[in-house]
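Okay, so here's just one chain, in structure tokens, the form predicted alone.
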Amino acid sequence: MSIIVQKFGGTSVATATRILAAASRAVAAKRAGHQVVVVVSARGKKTDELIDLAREITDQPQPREMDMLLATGEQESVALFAMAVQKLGEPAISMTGGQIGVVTEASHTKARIRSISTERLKRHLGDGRIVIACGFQGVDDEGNITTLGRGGSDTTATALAAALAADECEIYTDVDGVYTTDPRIVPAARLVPRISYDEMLEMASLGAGVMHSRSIEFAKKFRVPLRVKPSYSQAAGTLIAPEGEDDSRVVTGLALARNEARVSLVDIPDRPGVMSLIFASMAAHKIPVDMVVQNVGAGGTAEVSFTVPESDLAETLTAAESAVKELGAGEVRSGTNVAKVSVVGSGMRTHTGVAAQMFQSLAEAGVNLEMITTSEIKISVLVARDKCDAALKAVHRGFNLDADTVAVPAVGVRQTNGGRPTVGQDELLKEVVGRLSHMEDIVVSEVQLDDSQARITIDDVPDRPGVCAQLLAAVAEGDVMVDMIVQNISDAGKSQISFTVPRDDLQRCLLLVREVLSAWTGAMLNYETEIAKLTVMGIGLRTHTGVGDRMFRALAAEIINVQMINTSEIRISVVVARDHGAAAHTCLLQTFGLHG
């Protein structure tokens, strides 16, 4: 019999009326022939109320006691939900995280799941009961109650769906599903019926608030189909699943992270080991850095910039100053009042001109770019915070995402049995679920080596709107596929732009670039044909802050210098000298326990 996991957030169970309405969905799913597990959050503002109550007692509550307190919110919800199901005529049982069998690491307030024992769950399901499970919580090896932090109930639901090999995990929310961008900022935003795991991971990490990235991590690792559905209607919502064969969208959506801060380490030595030291310092302070951009070094020095949430700026500056002190050279600079605007879409892998279109839309809106970084399916830019809403609207309009037809792709996933994976996917699922003993330890899945590209760098580029659009448009018109794009702005009002292209297209690309540069006084062009790009791929690289540290530590041990860096939620890419590519690939495979 198929298994469905349903998750209801706090607003969906805020009152008795809403609890009964949510319970009716669980009952309907059971009567449709499914075994049903329901994961429930604390009611309404209950968690906030408990936090405020604790603060009335003490300004510094112990993390263990906070977990004990906050866990009661979900326990109230599941008991009431089970009563509602029973009133509607179906047997039900409520269970805490510990009773479910959710075992976490011994860490309070932000624990990671280590394993889930499903024996008790399956017994109750087999007896015909609807199981109502507490989200957000588990227990450690000593039996202490732990909580999973932000997005914990989504994480619980997806992890249970993975452990049970469920057909689908339904996430009920107070919105219709995933939109092309935040409809509160862009009223013309459209519902996306289907989105891939990678696209949703990028959207979630970039500020799209429908789901937390940890739950998407579980879904991708264990191939769990997720469906985000409105709790107030019967609308189909958005399916989050593997990339569809017929999904032809170039850009799926946009995201905005409003409260960003920028940190730059300038005039640091351009030698092996420097990036390792910087990332080790950040990892030691558990700072999840984003938008990492390293300029191509010149004169023996280099510059690296990255963004962090503004709330983490003080801790980040402490870590950065520590790194500069250990290096014995360099200076730390920072800036606030910036925001990150990103476009995400799997179609970027095969379409030229996406960056040019984005930059042109921003130029027409008078928005200047302070940083640029890219991944295979994402382009992010840093802009002034007071321009971010205008930037989001301009880019959304520029990609025609206002049009109804753009957000209605064909579903291209081959599925049978009401959404279960195909036979080949079932085999993969069994193999992956066999590793559930450390559910959140699965991070790096692949290390790629690409030694077929060349690098182009332009120094002293004018710092004004439209410059990047002009450059990338010229390259796109020549049908040249651009891969890594990195831009950083100096204090002198000039910028450096670097990007990689296929080596076979280098000479043609240089002709296009030189034509643009002829109008830029003082701009200097250089290029390098002998480069290699290494990419560490995985899930949750930004939430597992030690991945970058391990990557750069391994390269430093092999005396391999890093020329360029850019990052995303699911990959970290670096450029090194081509004759170091094979050695770098081997050492990274060994570091992350992978086979070539």
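Each form is matched to the other, and the largest set of C-alpha atoms that superpose within 1.5 Å is called the rigid core. Just count from 1 along the sequence shown to find any residue number. Just so it is clear, the structure is predicted and the values come from calculations on it, not from any experiment.
What comes next is about the form predicted in complex with aspartic acid (ASP), which does not appear here.
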property	result
Among 549 to 557, 39 to 47, 57 to 65, 24 to 32, the region lying within 4.5 Å of aspartic acid (ASP) in the predicted complex by heavy atom distance	39 to 47
Heavy atom of Glu74 within 4.5 Å of aspartic acid (ASP) in the predicted complex	yes
4.5 Å heavy atom contact, Phe136 to aspartic acid (ASP) in the predicted complex	yes
Heavy atom of Gly97 within 4.5 Å of aspartic acid (ASP) in the predicted complex	no
Any non-hydrogen atom of Ser153 within 4.5 angstroms of aspartic acid (ASP) in the predicted complex	yes
Core-aligned C-alpha movement of Thr47 between this form and the one not shown reaching 2 Å	yes
Ala71 C-alpha shift between this form and the one not shown of 2 Å or more, rigid core reference	yes
Phe136 C-alpha shift between this form and the one not shown of 2 Å or more, rigid core reference	yes
